[in-house]
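Just one chain is shown here, as structure tokens, and it is the form predicted alone.
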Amino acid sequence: MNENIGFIGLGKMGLPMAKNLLKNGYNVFGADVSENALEELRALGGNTASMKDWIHKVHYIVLMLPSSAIVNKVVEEIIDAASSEKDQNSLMIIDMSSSYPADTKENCNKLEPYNIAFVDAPVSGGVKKAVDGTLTIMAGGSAEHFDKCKRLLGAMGSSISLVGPSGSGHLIKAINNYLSATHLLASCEAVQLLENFGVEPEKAINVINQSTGRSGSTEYKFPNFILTEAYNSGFSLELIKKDIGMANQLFKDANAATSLPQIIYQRFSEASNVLDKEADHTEINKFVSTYLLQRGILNDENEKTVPGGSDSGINVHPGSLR
């Protein structure tokens, strides 16, 4: 008998992940604020209704939500709904969102009295790998709970690891995205500096990718989203800013003697204030072009000052960001 899965959060990542569960024979009960996403899931054979209507039928609930605050709220709703059902199945919550590790531990402890298991299993790989079912999944929790949900996770990812106790998956995800953002920002600045010297960006990226400076940003993001000016990776600037902010706070909480996380977070925050609200995270390259080599340059009209360092501002014409 195929297992029943609840899936809450059918966004750019969640919907293709839910589709892969359907393809692998699971019965999926979806929930989302978007009616379009629900319609698409129904068209593929998924079920959609209020969580209270299906929670007593499912064995697992996957969460793919934008923030810890929303995850925390949904966890409370699950407790309320599950505790009202006398014949509730054994239930496990798998939080695949990018949540704050301390909140994850708290949710795990909160669910234990209700005999609801909890695993944090955030993902890396973006929309393309969500569609392909080849995500990297980093899980936190007990070995027993991980073993129970590993087959389910295998329907959505190709690299699946238990990295430590509850909260560890979300911790490594935050650090991974912080590193990704750092590589991306450094690569954008480096390539634009090279271009200023007359080196074509395509040639620069090709050489870097054959050398020790290569990274996921130079090997994948530059060729596909930046050099093409497509800027459509499917991962927003707002979301990566949130993850960098989380990592920055984790370093602060650990009293770590480093200023780099704060610098990276500040730069992405500045970009978020200037670029469109729906900007893709690869559009940080556009923001870099407004400050890297333009200190002291004034535009004739519609000036806007963007912080560029501790002692000066950058005056940017908003049109240059489009």
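Don't overthink the numbering: it's just position in the shown sequence, from 1. Note that the structure is a prediction, hence the values are computed from the model and not measured.
The discussion below concerns the form predicted together with a small molecule, not included here.
The single contact residue among Leu239, Ile160, Ile172, Leu250, judged by any heavy atom lying within 4.5 Å of the small molecule in the model of the complex, is Leu239. The candidate stretches are 110 to 118, 69 to 77, 181 to 189, 151 to 159, and the one lying within 4.5 Å of the small molecule in the model of the complex by heavy atoms is 69 to 77.
In the model of the complex, at least one heavy atom of Met13 sits within 4.5 Å of a heavy atom of the small molecule. Proximity of Ser97 to the small molecule in the model of the complex: non-hydrogen atoms within 4.5 Å are present.
Shown alone here, Ile263 lies farther than 4.5 Å from the small molecule in the model of the complex, counting heavy atoms only. The closest non-hydrogen atom of Val127 lies within 4.5 Å of the small molecule in the model of the complex.
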